[in-house]
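One chain comes next, on its own, written out as structure tokens in the form predicted on its own.
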């Protein structure tokens, strides 16, 4: 077998579709909704992203693409890191395709001066799997273990009254504001301050990541891109009595595939914890999803296994574990 590894132009729809077909086929056996719908990828991948550079790579056997990779290089912070995903057609596994793609990805990261490589592997809960074994054999270590969960929104609806009673009056001194993607002007600066706390406040395990700074300009640029690709970030903010943003949660839904949503960020300022704000925010976002997208049937989320508080909140909402997400990391020498 002679394979050629080369970049795929995301603006070439035929090439992009071939790349998508490999990723879709490689993840088809996993539960839930493991790969974006074609129309989501067709819109999002060619769009410029102010947060990171994206490179698509294909492994070709003649004219046929049999493996694919997605390489992500952050542009704002964490400039020592490079993230990636690898996909190999099921019929071509254990034949060296993944190894060739990985070597290409690592070379690209090295050329960019990125020394810390990060990727993900999904395995059944409580078990291992080929993706984990492949990564460990090539020098990647498990930096964090997370539970990947899915919620049927009908199940949430059946629990909603009980959940509201659980929140009770503990959050009454805070008000909840909801919006679709574009943060109200009066909250932008404070919302950015909260987002900048994320890395220091969530359990990361051994992942080597830096804090970020979210200026109003950066936040607006990110929102503009999301609006342009039809990705809705349905957000709830907890507003403290002094007007500051005390917490946030969101669910993300694409216009091109509105039957499924993904929880993005849920974070409460440590100074405002103990009021059930996390649960109140999640109720608000899930209500907003149901009202905005009545065709949405499920939402997924992911939390570190050691994050006992948020895991308890998600279980109360009705989320059920379907996979374990392994955050994998490898440090390679700097290029001389």
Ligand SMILES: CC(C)(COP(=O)(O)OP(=O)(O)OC[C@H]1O[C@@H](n2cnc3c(N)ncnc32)[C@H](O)[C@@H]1OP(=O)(O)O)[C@@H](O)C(=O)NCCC(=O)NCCS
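It should be emphasised that the depicted structure is a prediction, and the values quoted were computed from it without experimental measurement. Numbering follows the first chain given and starts at 1.
Omitted here: the form predicted in complex with the ligand. The next part is about that form.
K.L.:
Only one of 162-170, 247-255, 232-240, 94-102 gets a heavy atom within 4.5 Å of the ligand in the predicted bound form; which is it?
P.N.:
Contact-bearing stretch, as computed: 94-102.
K.L.:
Applying a 4.5 Å heavy atom distance criterion, does residue 76 contact the ligand in the predicted bound form?
P.N.:
No - in the predicted bound form, heavy atoms of residue 76 and the ligand never come within 4.5 Å of each other.
K.L.:
Would residue 137 count as a contact of the ligand in the predicted bound form, using a 4.5 angstroms cut-off between non-hydrogen atoms?
P.N.:
Because a heavy atom of residue 137 falls inside 4.5 Å of the ligand in the predicted bound form, the answer is yes.
K.L.:
Residue-level question: is residue 87 within 4.5 Å of the ligand in the predicted bound form, judged on heavy atoms?
P.N.:
Yes, residue 87 is a contact residue.
K.L.:
Closest heavy atom of residue 310 to the ligand in the predicted bound form, within 4.5 Å or not?
P.N.:
Although the ligand is absent here, residue 310 would stay clear of it in the predicted bound form, with no heavy atoms inside 4.5 Å.
K.L.:
Taking 4.5 Å between heavy atoms as the contact cutoff, choose which of 113, 125, 196, 130 touches the ligand in the predicted bound form.
P.N.:
In short, 130.
K.L.:
Of the residues 150, 120, 223, 189, which one places a heavy atom within 4.5 Å of the ligand in the predicted bound form?
P.N.:
So the residue touching the ligand in the predicted bound form, by this definition, is 120.
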